[in-house]
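Shown next as C-alpha coordinates: one chain only, the form predicted alone.
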Amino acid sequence: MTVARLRVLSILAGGAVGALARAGMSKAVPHGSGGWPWATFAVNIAGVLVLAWVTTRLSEMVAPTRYWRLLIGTGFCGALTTFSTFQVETITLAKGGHVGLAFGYAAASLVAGMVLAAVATVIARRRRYG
(Lines give C-alpha, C1' and ligand atoms only; values in the text may rest on other atoms or scores of the structure.)
Protein backbone atom coordinates (compact mmCIF):
# COMPACT_ATOMS: atom_id res chain seq x y z
CA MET A 1 0.00 0.00 0.00
CA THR A 2 1.33 3.44 -0.87
CA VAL A 3 2.02 6.22 1.62
CA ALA A 4 -0.68 8.36 0.03
CA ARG A 5 -3.29 5.65 0.53
CA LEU A 6 -2.24 5.12 4.13
CA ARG A 7 -2.62 8.84 4.74
CA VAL A 8 -6.11 8.80 3.27
CA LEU A 9 -7.00 5.76 5.37
CA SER A 10 -5.71 7.56 8.47
CA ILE A 11 -8.00 10.50 7.79
CA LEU A 12 -10.95 8.22 7.06
CA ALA A 13 -10.45 6.16 10.21
CA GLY A 14 -10.10 9.22 12.42
CA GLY A 15 -13.02 10.91 10.71
CA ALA A 16 -15.26 7.90 11.25
CA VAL A 17 -14.52 7.83 14.97
CA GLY A 18 -14.93 11.60 15.29
CA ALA A 19 -18.22 11.61 13.42
CA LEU A 20 -19.59 8.77 15.56
CA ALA A 21 -18.52 10.60 18.71
CA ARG A 22 -20.27 13.79 17.60
CA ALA A 23 -23.42 11.92 16.57
CA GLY A 24 -23.46 10.11 19.90
CA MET A 25 -23.08 13.37 21.79
CA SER A 26 -25.89 15.09 19.89
CA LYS A 27 -28.16 12.11 20.57
CA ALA A 28 -27.19 11.94 24.25
CA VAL A 29 -27.55 15.68 24.88
CA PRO A 30 -30.41 17.04 22.76
CA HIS A 31 -31.46 20.66 23.14
CA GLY A 32 -34.81 22.26 22.59
CA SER A 33 -35.69 25.49 20.86
CA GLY A 34 -34.13 28.41 22.66
CA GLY A 35 -31.89 26.19 24.78
CA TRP A 36 -28.11 26.17 25.03
CA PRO A 37 -26.73 23.73 22.43
CA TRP A 38 -24.61 21.75 24.89
CA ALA A 39 -23.74 18.92 22.50
CA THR A 40 -22.17 21.20 19.89
CA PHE A 41 -20.51 23.30 22.57
CA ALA A 42 -19.00 20.19 24.20
CA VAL A 43 -17.67 18.60 21.00
CA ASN A 44 -16.19 21.86 19.79
CA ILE A 45 -14.46 22.48 23.10
CA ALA A 46 -13.24 18.88 23.29
CA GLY A 47 -11.97 19.14 19.73
CA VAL A 48 -10.02 22.29 20.51
CA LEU A 49 -8.47 20.66 23.55
CA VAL A 50 -7.44 17.51 21.70
CA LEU A 51 -6.23 19.32 18.59
CA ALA A 52 -4.09 21.81 20.52
CA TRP A 53 -2.55 19.06 22.63
CA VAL A 54 -1.92 16.75 19.68
CA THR A 55 -0.53 19.47 17.46
CA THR A 56 1.89 20.64 20.12
CA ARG A 57 2.83 17.15 21.17
CA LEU A 58 3.40 15.85 17.66
CA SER A 59 5.22 18.89 16.33
CA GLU A 60 7.46 19.58 19.32
CA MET A 61 7.83 16.45 21.37
CA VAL A 62 8.00 13.35 19.24
CA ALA A 63 9.65 12.35 16.03
CA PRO A 64 7.62 13.30 12.97
CA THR A 65 5.17 10.66 11.90
CA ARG A 66 3.20 10.31 8.75
CA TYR A 67 -0.12 9.29 10.15
CA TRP A 68 -0.89 10.48 13.73
CA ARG A 69 -1.55 14.08 12.82
CA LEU A 70 -3.78 13.01 9.95
CA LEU A 71 -5.57 10.40 12.05
CA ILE A 72 -6.22 12.53 15.13
CA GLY A 73 -5.95 16.11 13.90
CA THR A 74 -7.44 16.08 10.44
CA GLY A 75 -9.68 13.03 10.74
CA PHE A 76 -10.89 12.79 14.33
CA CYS A 77 -10.92 16.46 15.31
CA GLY A 78 -12.13 17.53 11.87
CA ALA A 79 -15.16 15.27 12.13
CA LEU A 80 -15.74 15.80 15.85
CA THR A 81 -15.91 19.58 15.71
CA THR A 82 -18.47 21.49 13.70
CA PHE A 83 -18.32 25.13 12.79
CA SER A 84 -21.33 24.90 10.50
CA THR A 85 -23.63 23.55 13.22
CA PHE A 86 -22.30 26.15 15.64
CA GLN A 87 -23.07 28.86 13.09
CA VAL A 88 -26.57 27.55 12.32
CA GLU A 89 -27.42 27.17 16.00
CA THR A 90 -26.21 30.69 16.78
CA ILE A 91 -28.27 32.20 13.97
CA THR A 92 -31.31 30.09 14.91
CA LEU A 93 -31.10 31.31 18.50
CA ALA A 94 -30.89 34.93 17.36
CA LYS A 95 -33.76 34.59 14.86
CA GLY A 96 -35.86 32.86 17.51
CA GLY A 97 -35.69 35.92 19.74
CA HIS A 98 -32.88 34.64 21.95
CA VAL A 99 -30.32 37.25 20.90
CA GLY A 100 -28.60 37.39 24.28
CA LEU A 101 -28.24 33.62 24.37
CA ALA A 102 -26.88 33.64 20.82
CA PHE A 103 -24.23 36.20 21.73
CA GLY A 104 -23.44 34.35 24.94
CA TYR A 105 -23.11 31.05 23.10
CA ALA A 106 -20.82 32.55 20.47
CA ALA A 107 -18.72 34.40 23.06
CA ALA A 108 -18.46 31.40 25.40
CA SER A 109 -17.46 29.14 22.53
CA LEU A 110 -14.73 31.50 21.37
CA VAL A 111 -13.37 32.31 24.82
CA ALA A 112 -13.47 28.72 26.07
CA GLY A 113 -11.86 27.53 22.84
CA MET A 114 -9.00 30.00 23.06
CA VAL A 115 -8.40 29.36 26.77
CA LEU A 116 -8.46 25.59 26.37
CA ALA A 117 -6.14 25.73 23.37
CA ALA A 118 -3.63 27.66 25.49
CA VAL A 119 -4.07 25.27 28.44
CA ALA A 120 -3.64 22.19 26.24
CA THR A 121 -0.50 23.66 24.71
CA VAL A 122 0.99 24.40 28.13
CA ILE A 123 0.14 20.91 29.37
CA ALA A 124 1.68 19.30 26.29
CA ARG A 125 4.87 21.32 26.74
CA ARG A 126 5.08 20.91 30.51
CA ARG A 127 5.90 17.26 30.34
CA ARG A 128 9.03 17.90 28.33
CA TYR A 129 10.17 21.28 29.57
CA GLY A 130 9.01 20.94 33.17
Partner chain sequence: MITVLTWIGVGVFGALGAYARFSVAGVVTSRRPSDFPFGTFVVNLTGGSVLGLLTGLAVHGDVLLVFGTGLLGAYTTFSTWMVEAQRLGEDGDWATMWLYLLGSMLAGLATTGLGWIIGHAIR
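From a predicted model like this one, the values you see are computed outputs, not experimental measurements. Positions refer to the first chain, counted from 1.
The next section is about a form of this same protein that is not shown, the form predicted together with its partner chain.
* With the partner left out of view, is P37 within 4.5 angstroms of its partner chain in the predicted complex by any non-hydrogen atom? -> Although its partner chain is absent here, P37 would stay clear of it in the predicted complex, with no heavy atoms inside 4.5 Å.
* Just to confirm, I123 within 4.5 Å of its partner chain in the predicted complex by heavy atoms? -> Taking the distances in the predicted complex, the answer for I123 is no, it never comes within 4.5 Å of its partner chain.
* Is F86 close enough to touch its partner chain in the predicted complex, meaning at least one heavy atom pair within 4.5 Å? -> Flag for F86 set to yes.
* Is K95 close to its partner chain in the predicted complex, meaning a heavy atom pair under 4.5 Å apart or at it? -> Answer yes; at least one heavy atom of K95 falls within 4.5 Å of its partner chain in the predicted complex.
* **Within 80-117, the residues that have a heavy atom no more than 4.5 Å from its partner chain in the predicted complex** => Contacts from 80-117: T81, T82, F83, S84, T85, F86, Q87, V88, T90, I91, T92, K95, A106, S109, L110, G113, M114, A117.
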